[in-house]
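Take a look at this one chain, the form predicted alone, written out in structure tokens.
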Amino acid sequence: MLLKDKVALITGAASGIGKEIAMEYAKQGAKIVIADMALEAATATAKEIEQAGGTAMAVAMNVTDEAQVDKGVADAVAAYGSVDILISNAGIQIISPIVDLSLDNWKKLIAIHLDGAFLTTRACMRAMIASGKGGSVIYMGSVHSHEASPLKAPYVAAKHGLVGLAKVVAKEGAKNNIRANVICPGFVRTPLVDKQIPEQAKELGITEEEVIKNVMLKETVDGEFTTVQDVAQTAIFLAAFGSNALTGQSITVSHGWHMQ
């Protein structure tokens, strides 16, 4: 029970990577706050955790809405007393060449990934400082926090930005025992990635199988997707780490796609 009685707020946790982290954190004894725009799905995930013997609640949270973020964090503190762990995971993907990319789509993606990370970080840091216990902030980056791929300009820019934000949080949060790190997965077979496969096939003029083999998994050492379990276990390790010895870092979980 590495996270026993810790309170973890996880954005975008109604499905995909966020849901897997929520389920694994609950097994480790954490109290889970499922923060998602899809409140019905978030509520279902919270019930699933409770039926398995865990503790969880759902809050409606559009991470780009300042008032909704602050209220969601306040509701978590009211219910469980504090927020000890933030997983900033909510995100979308937009596939487009730069020359065809609209400013609205650029702003939409940047807002969800970076504005959302800022707003949730600010609210949770305030709660962590008020509790006097510190905490752990974990951003869901990507191999694209370090590498670039065609057709993903706003996503690559945003994921690079999360590394910079984590470094600043690490420096500002240290005096209050708040750590910040970034998990950088390779391609994980989630609905977000499944949606990209036909989109990239169309843009690149190749088959979906070629997208998987020659684009997504080309640079891995074994031609394998990263799994949600791989990411969840890394998130447990980072949240449970006991000191500021590990802060301001990005950990790549990618079957060797990016090596630091």
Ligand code: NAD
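We number the residues from 1 along the sequence you see. Just so it is clear, the model here is predicted, and its values are computed rather than measured.
Keep in mind that the form predicted in complex with nicotinamide-adenine-dinucleotide is missing from the display, and what follows is about it.
M61, V33, A30, A235: which sits within 4.5 Å of nicotinamide-adenine-dinucleotide in the model of the complex by any heavy atom?
It is M61.
Which of 74-82, 164-172, 185-193, 96-104 lines the interface with nicotinamide-adenine-dinucleotide in the model of the complex (heavy atom within 4.5 Å)
Result of the contact check: 185-193.
Y155: heavy atom within 4.5 Å of nicotinamide-adenine-dinucleotide in the model of the complex?
Yes, contact at 4.5 Å.
Residue-level contact is defined here as any heavy atom of the residue lying within 4.5 Å of nicotinamide-adenine-dinucleotide in the model of the complex; does A38 satisfy this criterion?
Yes, A38 lies within 4.5 Å of nicotinamide-adenine-dinucleotide in the model of the complex.
Is M140 one of the residues lying within 4.5 Å of nicotinamide-adenine-dinucleotide in the model of the complex, judged by heavy atom distances?
Within the cut-off, so yes.
4.5 Å heavy atom contact, A90 to nicotinamide-adenine-dinucleotide in the model of the complex:
Flag for A90 set to yes.
Could you run down 10-46 and flag each residue that has a heavy atom within 4.5 Å of nicotinamide-adenine-dinucleotide in the model of the complex?
Stretch hits, in order: G12, A14, S15, G16, I17, G18, D36, M37, A38.
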